[in-house]
Ligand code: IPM
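One chain comes next, on its own, written out as structure tokens in the form predicted on its own.
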């Protein structure tokens, strides 16, 4: 055995351990939650991203200009456009987020982010880290919150996916031990697990939900997932009115599509990778990843995004204008709710449900067999501004 490989591995792992202990200690001294009601202006940053990103961003921005017209005019809300997260710019700087772009992001209170391209080994771009992963780490956006609702089937889920550790946090820090053996690393910390679990339990209590489902693979991944379950038990004791139960990721993927079982789940919380898998599965059941928005929340910053990718093939094939903006518009609605415009978020959410799940007056397919993203956005705006929105929503939902 090559002694140099062992020495390199020891040094590499020691540096990772040191960085993660420092990160864990930093979490313990984090600042309190930001109070958006005290801010004027609330600065909303638009990251236009890659591929179909700029196309669907224009529609989401158009919706927000209508919804927040009065707040923009009186100075309560201010928009900023951040264009530097293109794959070309990130590749030129050899960074997931170039330094100047990171400063622009930190100058905002909340961010609405379009899809960005994540390079892969062997592709046309350098294999730099995901911009999403880097943003979550740099802004400490520890909670990925994804609601999925299918009223006709009794499905009403909210997923709390831990964002800043697990299998992804060291995704670019793996190690090749010679030519034949590859290592990647997974990290769970007590403070990291506690804060995402507490957020899920708090949400359940505030919304009158008496169950929380904790998803791991602790029967096999015993140390890290075991710690997550241990913290679930500890946090759960502080919420006596809420019952929690642990499920393994493999059986949970099956039970989400089980009509007899799936309606029993309401709030689900889990480490990063499992959340990535389950939320895409759930979004597909709702109507596809193009219909689902996502919130990435920290105490100081929050970022809201579509959960799908940048779809470069659509652009290459000249189909970009047919991209569905629903996911990013739904993310915009989640952002409105987060910063305190609850009634506006409710109206937008109802309009989206009517347009995407019930009435379906026009159809968007991603091709010329359906309407363009702009035409679909027109439909959403028309529905949202309709004086009989509430009556129409009740007629569909009962």
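Numbering follows the first chain given and starts at 1. On a predicted model such as this, the values are computed, not experimentally measured, just so you know.
Another form, the form predicted together with ligand IPM, is not on view; read the next lines as being about it.
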How about residue 159 - does it come within 4.5 Å of ligand IPM in the predicted complex, if we only consider non-hydrogen atoms? no
Counting only non-hydrogen atoms and a 4.5 angstroms cut-off, does residue 118 reach ligand IPM in the predicted complex? yes
Using the partner position in the predicted complex, report whether residue 168 sits within 4.5 Å of ligand IPM, counting heavy atoms only. yes
Using the partner position in the predicted complex, report whether residue 276 sits within 4.5 Å of ligand IPM, counting heavy atoms only. yes
Among the candidate stretches 86-94, 128-136, 233-241, 194-202, which one is within 4.5 Å of ligand IPM in the predicted complex when only heavy atoms are counted? 128-136
Scan 305-332 and write down, in order along the chain, each residue with a heavy atom lying within 4.5 Å of ligand IPM in the predicted complex. 305
